[in-house]
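Look below for two forms of one protein chain, each set out as structure tokens: first structure 1, then structure 2.
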Structure 1
Amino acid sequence: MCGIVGYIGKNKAKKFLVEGLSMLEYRGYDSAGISVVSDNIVKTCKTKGKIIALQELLKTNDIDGYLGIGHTRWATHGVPSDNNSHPHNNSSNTISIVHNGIIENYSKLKNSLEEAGYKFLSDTDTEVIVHLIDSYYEGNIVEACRKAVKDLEGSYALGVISSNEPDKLVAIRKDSPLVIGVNSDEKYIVSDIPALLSRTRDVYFLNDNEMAILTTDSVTITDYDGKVLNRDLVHIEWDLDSASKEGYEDFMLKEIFEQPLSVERTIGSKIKLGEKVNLENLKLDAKSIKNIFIIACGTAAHAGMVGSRLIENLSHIPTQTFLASEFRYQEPLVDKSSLCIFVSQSGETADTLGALKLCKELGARTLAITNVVGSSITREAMDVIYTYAGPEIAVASTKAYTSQLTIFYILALYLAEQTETLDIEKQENIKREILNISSNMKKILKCLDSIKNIAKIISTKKDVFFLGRSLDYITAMEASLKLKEISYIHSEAFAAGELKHGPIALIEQDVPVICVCTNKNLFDKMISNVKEVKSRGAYTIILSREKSDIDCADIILDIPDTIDILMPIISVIPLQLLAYYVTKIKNLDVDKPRNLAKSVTVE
């Protein structure tokens, strides 16, 4: 997820471009840059780092004109660097583009363009687009863009300018946000509304597979074939703070609702029915791997626990998950036949990084799963698989967690294909259900009233317990962590089968016990555990599949049905929302809970 801006008008572009990027820096802060048509060429100024670094660079750069685009980057292809920063230009500096999204077929396009003589200066997927537009350019930038986008697979919001046509700014959207702002003598494009509010509140919203041609005096919206589309102007009433959260009260709520899209992006083109799993440049020989260690902290460790069950179940390779802070100070049985997987949203978690260095010393194959290109863990690991969650601002992780789970589903299938431990029918069924995950997530996000009602009950309690079995137990642990870290309510999760070995002593009248009960094979045993705590006075809340036969709960929370192994990515969402709404009722800071930081970079 990146931020893009564009300007065409009767005033100088640079001021708005920098102002707009400053308002969008929460969308990405790896690098920033602008391009402006000046003196009949495109002049570009860009740099690794935050907007302030770009502002310093612009003090000594003569870059001024009336047409321009800008970008603040969240790296997805290529490490944060000056060369990988946007905008990207063609070789003659007559065309410049900015891009938010992911081009899934960029390797194929890049090979074709290189064969045609194009030279690439960056490691990004975006540079493919500008050379592709250049290859189609015959004096009309709009027509060149129309032809180019028909070759692209993936998601993109694009801003395109050409010094040969300084009276046009082209905007294009597919699966990434893009808004057009309108003033009488100025027009703008932005990724998010906050970048516009100091200039205008009148906007057009581009839909998928649409493009707009902006001039100083007009906005024309068309489809990819050039058919003009009518669109109503919308007046925005938001204040700046609300707009930066896209209308949500808090970043955490925004990020919970972004999960269907972040999961879709993470899946990308990695899974297709009837085809092998595509993990790009990953070259693992599963049959040579003796054992797998998954090492992580906090929420990422819970994703790893699910991952270890999935990998063992599907590929039959012995797999264990360890807390990084414990793993590094024992004597792990790691050697050159081991695969060690390190999970970290930021890629900077100190304990996880330390464990990675230890495993390298022991000769293991190392693989990182992270959200941040160019982070320390990605530089240390032999292989990397990126999640595509985009920046996660709230301290409590939500969309990063479900994106990590998504990667583990894909990785488990990838390894199972090599070990040949799954029959084709089961593989295809799992793939089909994975491709339907985001649809099920959206269903949950439409049913908030029952979760809000439960939150009213929980918000008055001092203690809350979560129960689950198998994968449901891991979901219970993640739910418990979410509740305690933002609401400050004492919360614990227990494996339901362990109740009679101690935890049941904690049950007293009206204490809430939230039971995650989605595993079909263990359903009857789980219901027996619910009855055990119910008989001792617990207030029982059951999270279960739609139409489950349950007669022992005070409240039942239904969730969409899917196969057992995919339930963790579905069942965690209502529990994230529960923690959120409890915290809001208590008037606490949801995004910045006390004593916690987003990235733990010290032991």
Structure 2
Amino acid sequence: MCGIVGYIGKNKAKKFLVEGLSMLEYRGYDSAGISVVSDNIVKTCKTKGKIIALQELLKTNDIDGYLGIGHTRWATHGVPSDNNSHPHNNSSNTISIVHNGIIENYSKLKNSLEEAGYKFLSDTDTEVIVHLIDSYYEGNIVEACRKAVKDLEGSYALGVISSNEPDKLVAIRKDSPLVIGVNSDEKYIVSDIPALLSRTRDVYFLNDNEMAILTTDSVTITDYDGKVLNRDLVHIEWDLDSASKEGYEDFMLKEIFEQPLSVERTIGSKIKLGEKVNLENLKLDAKSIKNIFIIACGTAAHAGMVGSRLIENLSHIPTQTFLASEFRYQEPLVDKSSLCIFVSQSGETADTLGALKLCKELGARTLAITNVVGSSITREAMDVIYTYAGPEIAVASTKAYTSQLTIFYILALYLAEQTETLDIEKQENIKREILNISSNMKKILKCLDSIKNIAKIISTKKDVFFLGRSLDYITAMEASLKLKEISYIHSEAFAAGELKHGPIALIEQDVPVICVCTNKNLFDKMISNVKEVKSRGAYTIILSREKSDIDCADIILDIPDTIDILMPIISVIPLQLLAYYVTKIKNLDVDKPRNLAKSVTVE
């Protein structure tokens, strides 16, 4: 949540700050602002709204200098407003900061700062930090920061500048991401790598409880006591093209269409017919694993739900999926014979990261499935499997989801090879179908007309329901999340067998019910449930690979055929497209839905 950037170098800071913020806008877009040291004072320009509003404001503001910081906000403390926008400055405008995270003890700190005479202009937790630094400032911004962070509780990635010391940019990190970019005569700080790609691919990752002092020519990383730490420079393989729209109208559409390719990248050389699964450096002893916990949030949790079913079915190791925000507070029965798997596109989700730290304390073996190289979760976990889906920019996750599913198919096979619970013929058949996912995805991506027609119908509705059984139920949940988060249409997913236990009371004339009916064994049962809603007036849309004997559908959407367990990765695609087209018809911002942010770095 929130994106921060910083610049020090031989060129004017403003250009990079605005460019960088535009690349980070998916992290929050309630307000935006920059501060630049100019003519020996800090000049700040900030406004409620998206980066475009900041760009307008900057046209009439003279704010040029060689040191600066910027912020795009996802509001936590205080409504989106000009005053609550970052950067926040001390009263003499000599110190300015940007912050991503939450200061948990801010109200205690605010009281004591107010007693000491500090005046607050905003309702944010961040403003306490700048006054705290000011209270410790005796001519050395690094020392003042060092003292101030020792008073802070909570999470923070900070960029700090002072007009008294225009040769330094200070970066500090605890539990919120921060990356340092390096060029020969420019240094940068950013919350996430895409913001750097136009300038450099050489980065340092800052760890928790560390600070960095950037000058035009150097980066020094220290702990909070000033001890200098060695850090290797990392070269990022992504390029700028993979973080741009490449001719698509929106990132979400580009990312949906990219899935045949991203899934191929995820598979890489991990599976080959006639060979054992190759998960690179992963060395798990499946026979010693008593139970598996999969922990994630949102869409990643849906991938985990499919994953737990696959792992349990194929390897017979008891496996359950938990929402990270719930898992942390329910005294889980995790111990050293447990394998805990953390699924996260960004690798920064605060709840997932918190659950990972908890599982480590409990002695479990930890494995991360993430997309972002060097993210916090990858650095905390013992083992990492990267999804290699490429940067996902749209807030609504699509290609990251199908890549996470792909990893679960492969991981389930890997574990089953060791537990010897699956005969060779079945293993080979699953592998064959995994290798065929990409061409099945391409078939679905050609059915745009029928999906657009369904979108027209859905876009006029207030409520939409999704039904499914077994793995189709998880697809229904994911489809429902996708639709509601970008189109703002109320939608819910139900396990079809649960209808009669309450939800069927919601069915009335013409309410759309989208029924995911791809599981061959459960097809007849699903059709009975569809008939139940149809006879109560529902408008039924059925996703199926069986074309005959469906007399209860208003619309049937054909899905390419594969084995039951692989259906989730195929049937989700038309439903991602449906959410996309409904949102376009409603003329809403697909990539940046209201109230959301791509990376949820607060609890």
Ligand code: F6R
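Reference numbering: structure 1, starting with residue 1. In this text, the rigid core denotes the largest set of C-alpha atoms whose superposition between the two forms falls within 1.5 Å. In this text the structure is predicted, and so the values were computed from the model without any measurement.
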Worksheet, complete the sentence: Students should recognise the form predicted on its own as structure 1
Discussion item. Core superposed first: is there a CA shift of 2 Å or greater at Phe293 between structure 1 and structure 2?
Written reply: no
Worksheet item: Against the rigid core, is the Cα displacement of Leu273 between structure 1 and structure 2 at least 2 Å?
Response: no
Discussion item. Core superposed first: is there a CA shift of 2 Å or greater at Asp125 between structure 1 and structure 2?
Written reply: yes
Item to complete: Let me know the CA shift of Arg73 between structure 1 and structure 2 in Å, rounded to one decimal, core fitted.
Response: 24.5
